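Okay, here we've got a single chain as structure tokens, the form predicted on its own, with questions on binding and movement later.
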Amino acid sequence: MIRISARRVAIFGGVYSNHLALEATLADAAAAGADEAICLGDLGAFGPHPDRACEIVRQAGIAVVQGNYDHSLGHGLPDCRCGYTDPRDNRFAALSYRYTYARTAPTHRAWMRDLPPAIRLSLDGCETLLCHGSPRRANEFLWESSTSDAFLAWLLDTSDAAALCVSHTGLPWTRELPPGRRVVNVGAIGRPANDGDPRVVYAILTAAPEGGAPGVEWRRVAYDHSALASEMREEGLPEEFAETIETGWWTTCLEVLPQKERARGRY
């Protein structure tokens, strides 16, 4: 397993082929003084030109956790194993996966196949586990409203970690648990957080001055979302995908949302 030590780390997930947001996120993290930038997986999906995101992270030498999308692409599986159960969600997921697989170079797919399922990060001695969905499954959804403190504490205990960072749901949130432990869902930078803001979100974790739970700084990043929407339309991706990028509101993958999370959106 990869181990990284740092004091201030930018952590983002769900790139979803949004190469423009990825470039803007990395620039913002550097300007904010992050020692490292780490990706929690799902480089492909949803957006256009998936090879571009792969090239950016590989050329920058960024550590990447294997998401469910990366695993499926790397192993040539027939679907993304996203964990959806609703037919509409699965229809859009299938469209996205077929497009992404056909346009991801074999060299990038081979690289994805060997990505680690988790990374251990030491924030000044605070043992932090980084994974895609959860320590149990890459496609497990940890929603803020439906994930109990007891379950989060169990995940930390079984992972021998004081902090845990995940992605997969695409919605950012954090919770501090006694004694001095923290769980962070960093959301996704591939599409907005279903709140009407086209900007994307990532987190910077900073080591606590005297131990304890790491600090979390949420960063909103603007990028040329109109240009990305134009690329999506040129590539023949669903209009619903482009609408999400332009408006900041999700139009797909909604049925999986718990009631409280869905109530915050437009649809």
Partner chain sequence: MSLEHSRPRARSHPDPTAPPILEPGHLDALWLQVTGTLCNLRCGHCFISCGPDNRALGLLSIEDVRRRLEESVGLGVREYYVTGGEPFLHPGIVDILTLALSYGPTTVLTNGTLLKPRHVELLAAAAAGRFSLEFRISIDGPDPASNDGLRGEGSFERAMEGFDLLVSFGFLPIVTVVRTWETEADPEVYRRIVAMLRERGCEKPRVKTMPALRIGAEAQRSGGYAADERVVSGMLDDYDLDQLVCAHARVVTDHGIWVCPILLDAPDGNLGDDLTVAARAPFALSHAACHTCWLHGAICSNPGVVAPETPFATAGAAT
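From a predicted model like this one, the values you see are computed outputs, not experimental measurements. Positions refer to the first chain, counted from 1.
Another form, the form predicted in complex with the partner chain, is not on view; read the next lines as being about it.
None of Pro178, Gly125, Pro87, Pro106 but one reaches within 4.5 angstroms of the partner chain in the model of the complex through a heavy atom, and that residue is Pro87.
Contact between Arg137 and the partner chain in the model of the complex is found at the 4.5 Å heavy atom cutoff. Contact between Asp149 and the partner chain in the model of the complex is found at the 4.5 Å heavy atom cutoff. Residue contact check for Phe141: one or more of its heavy atoms lie within 4.5 Å of the partner chain in the model of the complex. In the model of the complex, Leu257 approaches the partner chain with a heavy atom inside 4.5 Å.
The putative spot formed by Leu77, Arg262 and Arg266 is fully lined by the partner chain in the model of the complex; each residue has a non-hydrogen atom within 4.5 angstroms of it. Residues Asp86, Pro87, Tyr97, Arg98, Tyr101 are the ones in 86 to 113 with at least one heavy atom within 4.5 Å of the partner chain in the model of the complex, listed in sequence order.
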